[in-house]
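Okay, here we've got a single chain as structure tokens, the form predicted on its own, with questions on binding and movement later.
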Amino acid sequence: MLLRHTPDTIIEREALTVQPAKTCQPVGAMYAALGIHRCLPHSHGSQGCCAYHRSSLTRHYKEPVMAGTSSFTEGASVFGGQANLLEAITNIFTLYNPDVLAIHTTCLSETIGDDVPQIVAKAREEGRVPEGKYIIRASTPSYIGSHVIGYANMVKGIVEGFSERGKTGRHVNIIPGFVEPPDMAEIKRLAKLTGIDPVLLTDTSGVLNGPQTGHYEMYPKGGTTIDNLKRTGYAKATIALGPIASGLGAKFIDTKYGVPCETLNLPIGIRATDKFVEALKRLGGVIDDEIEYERGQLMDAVTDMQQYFYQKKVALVGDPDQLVSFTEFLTDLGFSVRHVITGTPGKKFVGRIKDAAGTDQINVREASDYFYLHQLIKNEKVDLIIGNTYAKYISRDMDIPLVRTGFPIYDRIGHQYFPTVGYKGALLLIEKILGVLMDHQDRYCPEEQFELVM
């Protein structure tokens, strides 16, 4: 009933977005900053903005997300937020004692033109930053880009603030992109199985999916350490997983420090994971027996279950780097990917999706919204939707099974603990997809076809 008034006829819209398929840059910046050990994100803007960004991450991860704010009022909005930020820096280091303060901007501070680098320099001159403490920053205006772009901008700010020159080491930088904590843990595990020493930029595993210990820790044990962040400037190489979320930071390290970078698709599915493992091998890694065993298990599952996927139509919504890998993986499984939309702008996205699907006969659009996706599905119904929690409205209205992936997921758990990347992640995805398809089949099949073995 919620979406019954969505018209079938598609009319091109230039100045209207209906239920955007994204959120704003500061959310991604805050998430990237949380992947630094003993780091406190700081929102330079109004208190309401910070509350929204924190609540989005808290509801997704079911963990309390802490962040500071400059708490703009009418006065700061007119005269600038320098006084607010200077006071905030003093209070944060005095009361909460982080090792790193990661400042990101908002619509308001960007619009009035606050010079954050100058304000930070003034704070240092006035002795507001204690010895041995760090401040990094990123420009993240909410009115352009998306949370993925905000993540990329903060990663660039992190390497700009910490990377140092040195003798080339044996370690490899890996920028995982805007993925879940278990994905980051799985990327590290695969790298270590090949014998590679990975430095993740950044690493939220152990921060937003930690155990219940009975007491609150403002700075959990997880996160990339400052010492490792400094090593990024003299790594053997950088692997960027996804050009949108990870490419900016990798190119900065390459340009400034001469660390060669390679950009791959997120290792979701067989082909993308194979390419990631091969890249690790080229950098001196060895393909471990455990990796081959996990790949074999995945291939066995694909062989057993492929007939249930063949020519099933699917619609995808989410972040661009993830959607490209999902499209490739689902196509390999035998699905027919029909509709793909993202809210993140990016001119190359359409071509990347068509290449991954191996066809031009697919509906793809960047900087789009759920209203448009609903119209596409009304014109060509699909058997499965893959997307975040907001896709549940279309799923309910059209009676189509939904597999929840991406950000945000507010109404389920598991994404904090189970990966989607790597061979293990692909196996979990297959199980999840097959489960919702068979549940749907069981619900609607005639009585005489209701069988134990499907």
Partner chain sequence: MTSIKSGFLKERTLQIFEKGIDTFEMTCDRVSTAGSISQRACTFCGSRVVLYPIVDALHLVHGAIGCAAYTWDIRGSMSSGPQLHRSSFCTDLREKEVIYGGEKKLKNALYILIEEHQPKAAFVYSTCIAGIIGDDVGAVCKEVQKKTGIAVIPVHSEGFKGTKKDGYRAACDALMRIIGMNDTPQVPLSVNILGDFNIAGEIWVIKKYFEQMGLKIVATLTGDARVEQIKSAHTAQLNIVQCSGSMRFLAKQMKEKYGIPFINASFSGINDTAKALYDAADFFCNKSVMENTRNLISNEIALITPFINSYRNKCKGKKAALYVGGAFKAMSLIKALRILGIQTILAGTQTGSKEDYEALKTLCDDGTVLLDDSNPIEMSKFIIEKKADLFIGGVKERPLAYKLGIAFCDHNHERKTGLAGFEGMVNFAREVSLSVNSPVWKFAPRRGREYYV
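Numbering follows the first chain given and starts at 1. Bear in mind that the values here come from a model prediction, so they are computed numbers and not experimental data.
Not on display, but discussed next: the form predicted in complex with its partner chain.
Considering its partner chain in the predicted complex, the lone stretch of 160 to 168, 324 to 332, 143 to 151, 125 to 133 in range is 143 to 151 [heavy atom distance within 4.5 Å].
Put simply, C445 is far from its partner chain in the predicted complex: not one heavy atom of it is within 4.5 Å. Using a 4.5 angstroms limit between non-hydrogen atoms, D115 is distant from its partner chain in the predicted complex. At a distance threshold of 4.5 angstroms between non-hydrogen atoms, A301 is out of contact with its partner chain in the predicted complex. Heavy atoms of H37 never reach within 4.5 Å of its partner chain in the predicted complex, leaving it off the interface. For the options I409, A67, L429, I385, the residue carrying a heavy atom within 4.5 angstroms of its partner chain in the predicted complex is A67. When its partner chain is considered in the predicted complex, only one residue from V364, A357, L108, V100 comes within 4.5 Å through any heavy atom, namely L108. Annotation for 366 to 384: interface residues with its partner chain in the predicted complex are Y370, F371 [heavy atom within 4.5 Å].
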